[in-house]
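One chain comes next, on its own, written out as structure tokens in the form predicted alone.
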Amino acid sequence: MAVEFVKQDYTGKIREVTIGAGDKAVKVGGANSYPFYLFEGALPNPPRIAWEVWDAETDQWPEACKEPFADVLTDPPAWAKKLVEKHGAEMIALKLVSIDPNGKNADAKSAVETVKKVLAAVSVPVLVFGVNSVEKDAEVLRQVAEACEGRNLVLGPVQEQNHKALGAGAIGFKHTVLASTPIDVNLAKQLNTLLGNLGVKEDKLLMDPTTGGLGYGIEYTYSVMERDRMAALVQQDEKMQQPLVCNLAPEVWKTKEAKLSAQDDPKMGEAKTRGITLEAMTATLLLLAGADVLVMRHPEAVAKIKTLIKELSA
């Protein structure tokens, strides 16, 4: 007798959002079932990877991360170009760490110039990240939006406290918003609602649920992302049907397990392999929880995840 499989009845769908402009624009979202449940639904746009580029010295990075980019670490446009030409990057995640009020506190003008140079160097979509400072991000990202009108950047993190300034800038200059909230379903829905009331269109909105690295809160992140996807796909919650972006690289590589040398703790094994494994494992869990875009750092970790995405999407 034939076995009849029980299938979930999905009533919702993740919206499609286009990132970037022109021939290299990338479309994310569109799934109408749980992550990689291809026996129940469709995954028209498999998850994508955005590669990190920092606009300031990367003293916080372990040597394993610096090594592949040693020749370009102080030159963001050259760094982005190398990622595209050598590593096949489809998207760049430009981190404006230089504007951190607790660091270099660079002004908006210098940050805008950096963004413009990176955009001139590559034609792939660019996600522009501030430093999680409500006031400084509002000031800088608003000017970035104006200077790069029509390029359909992703601007984030957009938080409740600065959503009006950044949301209005994204609307006026035709960019996409990355709504960021602490790991909480209700807060995510609230911010999406506020941005919608402001006038941000559904096809210009991405969600950043925030994440922890493996061993540092990933279980809580996973469960909240599951609830995000349950709300979107089976609970008919239209405010939660946006693609998810997970900014995992800094969370992984700042941990002591990723930074600790083999000399300091021989039982931990070789540091480079350990860090790459931590990044790949974290990315794997986030994919299974529903991530549509992963922000990653090390080429070997990215290669592993690209292979995994290809296999799970087949």
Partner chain sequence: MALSGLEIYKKLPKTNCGDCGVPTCMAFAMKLAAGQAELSACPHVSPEAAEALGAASAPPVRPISVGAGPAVFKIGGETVLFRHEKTFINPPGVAVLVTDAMSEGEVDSRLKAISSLQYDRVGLKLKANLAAVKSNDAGKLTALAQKAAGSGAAVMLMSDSADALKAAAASIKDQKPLLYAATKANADAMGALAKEMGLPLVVKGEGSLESVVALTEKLAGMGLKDLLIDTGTRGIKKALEEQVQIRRLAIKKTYRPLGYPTVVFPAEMTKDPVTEALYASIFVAKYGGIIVMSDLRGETLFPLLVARMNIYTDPQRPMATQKGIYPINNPTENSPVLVTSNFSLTYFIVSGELESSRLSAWLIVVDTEGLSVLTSWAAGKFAADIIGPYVLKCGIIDKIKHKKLIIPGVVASISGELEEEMPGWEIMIGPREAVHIANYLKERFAA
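Numbering follows the first chain given and starts at 1. Bear in mind that the values here come from a model prediction, so they are computed numbers and not experimental data.
The form predicted in complex with its partner chain exists for this protein as well; it is not shown, and the discussion that follows is about that form.
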{"query": "Non-hydrogen atom within 4.5 Å of its partner chain in the predicted bound form for each of Leu73, Ala138 and Phe173", "finding": "no"}
{"query": "In the predicted bound form, the one of Glu85, Glu219, Glu113, Asp203 near its partner chain [non-hydrogen atom within 4.5 angstroms]", "finding": "Glu219"}
{"query": "Residue stretch of 96-104, 163-171, 236-244, 146-154 approaching its partner chain in the predicted bound form, non-hydrogen atom distance within 4.5 Å", "finding": "96-104"}
{"query": "Contact label in the predicted bound form: Asp264 to its partner chain, heavy atom within 4.5 Å", "finding": "no"}
{"query": "In the predicted bound form, Pro44 touching its partner chain (heavy atom, 4.5 Å)", "finding": "no"}
{"query": "Partner contact for Met230 in the predicted bound form: its partner chain, 4.5 angstroms, heavy atom", "finding": "yes"}
{"query": "Its partner chain contact at Asn186 in the predicted bound form, heavy atom, 4.5 Å", "finding": "no"}
{"query": "Any residue of 243-271 that, in the predicted bound form, places a heavy atom within 4.5 Å of its partner chain", "finding": "Lys254, Lys256, Glu257, Lys259, Lys267, Met268, Gly269, Glu270"}
